[in-house]
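Here you get one chain, nothing else, as structure tokens; it is the form predicted on its own.
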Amino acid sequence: MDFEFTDKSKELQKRVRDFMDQHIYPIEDEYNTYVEENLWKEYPGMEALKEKARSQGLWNLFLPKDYGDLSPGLTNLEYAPLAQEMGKVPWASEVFNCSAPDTGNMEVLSKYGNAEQQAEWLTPLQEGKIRSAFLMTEPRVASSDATNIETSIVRDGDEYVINGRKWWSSGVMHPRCNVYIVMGKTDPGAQRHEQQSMVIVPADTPGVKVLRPLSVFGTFDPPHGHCEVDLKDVRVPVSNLLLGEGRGFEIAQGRLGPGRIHHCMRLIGMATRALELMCQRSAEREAFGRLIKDFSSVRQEIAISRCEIEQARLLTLSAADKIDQHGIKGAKDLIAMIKIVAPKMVCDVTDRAIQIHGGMGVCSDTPLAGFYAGARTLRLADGPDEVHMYQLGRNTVKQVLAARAESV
């Protein structure tokens, strides 16, 4: 196991850092102010930033190298530190066309879409001309168990008719969101993991109604938002089905593996920046005649934070390497581990940083409150902690018992 990054990855890391220093950090406050005051409007300078990134070859870096001509050729391990750098500013990944849920949707279309679907939807997504959303979670059922999903997808001649309600559908409010990938049931009577299918639904299809954006700890996360969406007698051509009926669960598993690497490395970027801000603040502020950094309790908070960040980073890199070497199935236990560890770690590190900042830590003068809200949300998104721990615990018991049986 060697986590020494390739020369290609090292070069891209420097280029991404330089881009962030030159073009992202200087306008961070301006961007945040604009989207908070204009909610569902795109920041006016976003397209210029995207064009700069694209012209410098910092574009669609996330697509794994086994996706053929659609990929820039990076492994998951090579891309991981790039996601970490982007994660230091929550909206930065969009500049590089590497933001969720578009990344997952592009991977789905790349891996499971046919030529026509790719031409209509993947190409404009890869070019950054449109945005997308992924509609899976539902308000009426515990969606931590994806087999609970109730949205119906019923064939009627050459069309599918979709009925159901979704929520926490990230990206729906973005003015460029033109397409949804919707998960529902085509055959409720089939075996448990063969009931679900995924279908492409253009956002302007009759019967699609955005009911409301949902707030996250009191903020709406503009300009993309997270929405509750009603689907009533929504009709799409049969040709909009992805891969085949009953293949939705399979697609979901394929979508979430690399996506969890991306999420966790972006989270580690947040924690890394929180630690940097913690150190800076403690070196600038004085209390009771001493700089805050000279208090033993503060040094301990900084030290444990650094330990936890490095532990999560190495675990995530290990998962990325495992996917590269053995595929998503071979890495499933490590993927579960990082999804358990990384969001909780960021919550803990950010909480310490907020405490050291005092009142400044809970207001919008720093990104810390936003980091905490994002990390806490990701303890639920892509499967809550409890689901991953249940599965990891089950697998661990099986593995230990199997190893003991072999040794007898």
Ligand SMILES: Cc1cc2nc3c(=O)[nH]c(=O)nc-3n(C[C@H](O)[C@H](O)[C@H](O)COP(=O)(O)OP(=O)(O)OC[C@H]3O[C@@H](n4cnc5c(N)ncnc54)[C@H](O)[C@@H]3O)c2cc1C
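Start at 1 and count along the sequence shown; that's the residue number. As the structure is a prediction and not an experimental result, all values here were calculated from the model.
What comes next is about the form predicted together with the ligand, which is not displayed.
*Asks:* Between the ligand and 144, 169 and 226, in the predicted complex, does every residue show a non-hydrogen atom at 4.5 Å or closer?
*Replies:* All of them do, each having a heavy atom within 4.5 Å of the partner.
*Asks:* Hey, of 200-208, 233-241, 293-301, 129-137, which bit sits against the ligand in the predicted complex at 4.5 Å between non-hydrogen atoms?
*Replies:* Only one stretch passes the 4.5 Å heavy-atom test: 129-137.
*Asks:* To verify the annotation, which of these, 48, 360, 380, 27, has a non-hydrogen atom within 4.5 Å of the ligand in the predicted complex?
*Replies:* Filtering the options by heavy-atom distance leaves 380.
*Asks:* Does at least one non-hydrogen atom of residue 386 fall within 4.5 angstroms of the ligand in the predicted complex?
*Replies:* Residue 386: yes, in contact with the ligand in the predicted complex.
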